[in-house]
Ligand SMILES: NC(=O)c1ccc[n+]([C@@H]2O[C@H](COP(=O)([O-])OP(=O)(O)OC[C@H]3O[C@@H](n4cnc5c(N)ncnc54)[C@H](OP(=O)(O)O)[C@@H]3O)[C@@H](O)[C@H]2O)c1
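The chain that follows stands alone, in the form predicted alone, written as structure tokens.
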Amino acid sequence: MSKTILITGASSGIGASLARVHARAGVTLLLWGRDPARLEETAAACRALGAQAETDAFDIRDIGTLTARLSAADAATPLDLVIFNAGLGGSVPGDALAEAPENSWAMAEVNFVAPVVGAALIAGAMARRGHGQIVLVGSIAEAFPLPQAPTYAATKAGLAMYAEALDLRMKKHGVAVTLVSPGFIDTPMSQQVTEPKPFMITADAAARIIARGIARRKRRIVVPWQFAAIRGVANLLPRALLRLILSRA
């Protein structure tokens, strides 16, 4: 059975690994990102595994381009699965008083605005067809008010709320909405983090776990699993205690 899958942020990290995991005969992969050379590397690996792969390099912050290309892609071949994976990370330097406004702006556009606008567009098309799946890749940071990364935590918390709300709306139309909440995954983004990175796993290992959850149409996927336990414990703590722990970390 043929299947068409679109993945944003497919030039490296989890996005590239998810592309390779889904690559097989009968699958068409639309791989989007900002780096044409790295996108083509991912596409070549996917073609070697039997999939058809097409690339498109542009800045996802350009919402007009994003919506136009997403609409065109779905009109050409209805999309069965769309994975909004593109994201920006980064923490505030220790000697800085606050985040740079331009960094917060870029992060908000990539991590929240673009996937929300894209998901809203494709959700309507999928709902009219009565099937499809939307995957939003967030972060376990959604559960923690991180003083070293306020905008990052906020964008991921907002995305988590959006995913839950969209799932409730799309359920009656046969469209699944999956939120992926990664912890530390060995990607270029995590490699920039100087703090300890417990339970870190490779992008390929994470992609295999995520792909299994997507296939089961799960609403929430936390990877690695230990972070689900950490989030559960944190939710049991009095908020004041959690704030004190994070402020001293």
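Residue numbers here begin at 1 and follow the sequence given. Quick caveat: nothing in here was measured; it's all calculated off a predicted structure.
One more form of this protein, predicted in complex with this ligand, exists but is not displayed; see below.
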Asp35 within 4.5 Å of this ligand in the predicted bound form, heavy atoms: yes
4.5 Å heavy atom contact, Val110 and this ligand in the predicted bound form: yes
is_contact(Ile122, this ligand) in the predicted bound form, heavy atom dist at most 4.5 Å: no
Residue contact check: Asp59 to this ligand in the predicted bound form, 4.5 Å heavy atom: yes
Sole residue of Val82, Ala86, Ala163, Met126 within 4.5 Å of this ligand in the predicted bound form, by heavy atom: Ala86
Proximity to this ligand in the predicted bound form, single hit among Ile185, Val222, Ile214, Ala43 (heavy atom within 4.5 Å): Ile185
Proximity to this ligand in the predicted bound form (heavy atom, within 4.5 Å), stretch among 69-77, 150-158, 169-177, 127-135: 150-158
Residues in 4-21 with any heavy atom within 4.5 Å of this ligand in the predicted bound form: Gly9, Ala10, Ser11, Ser12, Gly13, Ile14, Gly15
